[in-house]
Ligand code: FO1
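Given as structure tokens, the chain that follows is alone and in the form predicted alone.
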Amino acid sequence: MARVILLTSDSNFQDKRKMITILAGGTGSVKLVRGIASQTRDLSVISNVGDNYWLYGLYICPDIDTMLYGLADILDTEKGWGIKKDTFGFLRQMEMLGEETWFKIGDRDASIHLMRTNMLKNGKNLSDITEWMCQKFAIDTKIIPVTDNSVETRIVTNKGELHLQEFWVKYKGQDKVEGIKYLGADKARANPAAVNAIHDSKLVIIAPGNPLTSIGPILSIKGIRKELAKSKKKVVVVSPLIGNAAVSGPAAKYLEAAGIEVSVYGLAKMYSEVASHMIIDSADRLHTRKIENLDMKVYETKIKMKEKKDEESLASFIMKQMHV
């Protein structure tokens, strides 16, 4: 009897033996995602949604958009957000009309927010919209919102409680942080596509995003945390810290407020329930033995990604060490 072989187009076929999934949010994450994407097409990104924000009647998804722009090679890498060479006529007009303009929305950027908002109002969910946008930007990587439900990262300060965007962008992170909340996370349903991506992947990477405001909201979704804990032997954390300082952003400030030691060891303890491997900078090798005592395997290398070659080098190192 003749053997029938079913052929599937490259765009839809993923080899589960080689699939990689990255939990991501923020500018540090997109650099690593770009690096991994340069070496494989079997890649899914589970995106943070905790910093999504309504402004001017538009639904803005900063981490999803940064990932879209980064993978489409249109990200303004100097700023770390927005579209390169964008103009700001829309924002200047809003200012003339008396609106606050602390959140910098470019003209091309605004079109994305407008399309997303209209699609939401017409009954589409965030997952469907994000998949459609990936197609429009000709991106092979799957970008998966961690949930289609509302989750909002709130910063508790000595002057009151603020949305993350207000605390960090509007008020420049000046107030003392006393705590962090993920509103809606307890009721949010994990995106089934995100759970399946973790389950099916050979390797799951927790990107070097801010542990509490970029990765924390993802881990606050029970279905995601449960699946990661079950899969922890294939989960690797990439440190966003070198010494007692973040590579970029306010991670140290948030960790201190949460009572977490600002070091790779403190991070290892935080992630030990959901990961069994950790990539740290060579400068932090003094912590290696302590981390290994948490039953986590440690790999030391250069983790700062200043240029594209650094992104690709770190990605190559991770894939080699994790045998992908």
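The first residue of the shown sequence is 1; numbering continues from there. Keep in mind it's a predicted model, so treat the numbers as computed, not measured.
There is another form of this protein, the form predicted together with this ligand, and it is not shown here; the text below is about that form.
Although the partner is absent here, W81 is a contact residue: one of its heavy atoms lies within 4.5 angstroms of this ligand in the predicted bound form.
At a distance threshold of 4.5 angstroms between non-hydrogen atoms, K104 is in contact with this ligand in the predicted bound form. Contact check for L162: no non-hydrogen atom falls within 4.5 Å of this ligand in the predicted bound form. Interface membership of D284, defined by any non-hydrogen atom within 4.5 Å of this ligand in the predicted bound form, is ruled out. A heavy atom within 4.5 Å of this ligand in the predicted bound form is found for one listed residue only; from G70, P62, G266, G35, this is P62. Of the candidate stretches 267 to 275, 62 to 70, 288 to 296, 37 to 45, only 62 to 70 has residues whose heavy atoms lie within 4.5 Å of this ligand in the predicted bound form.
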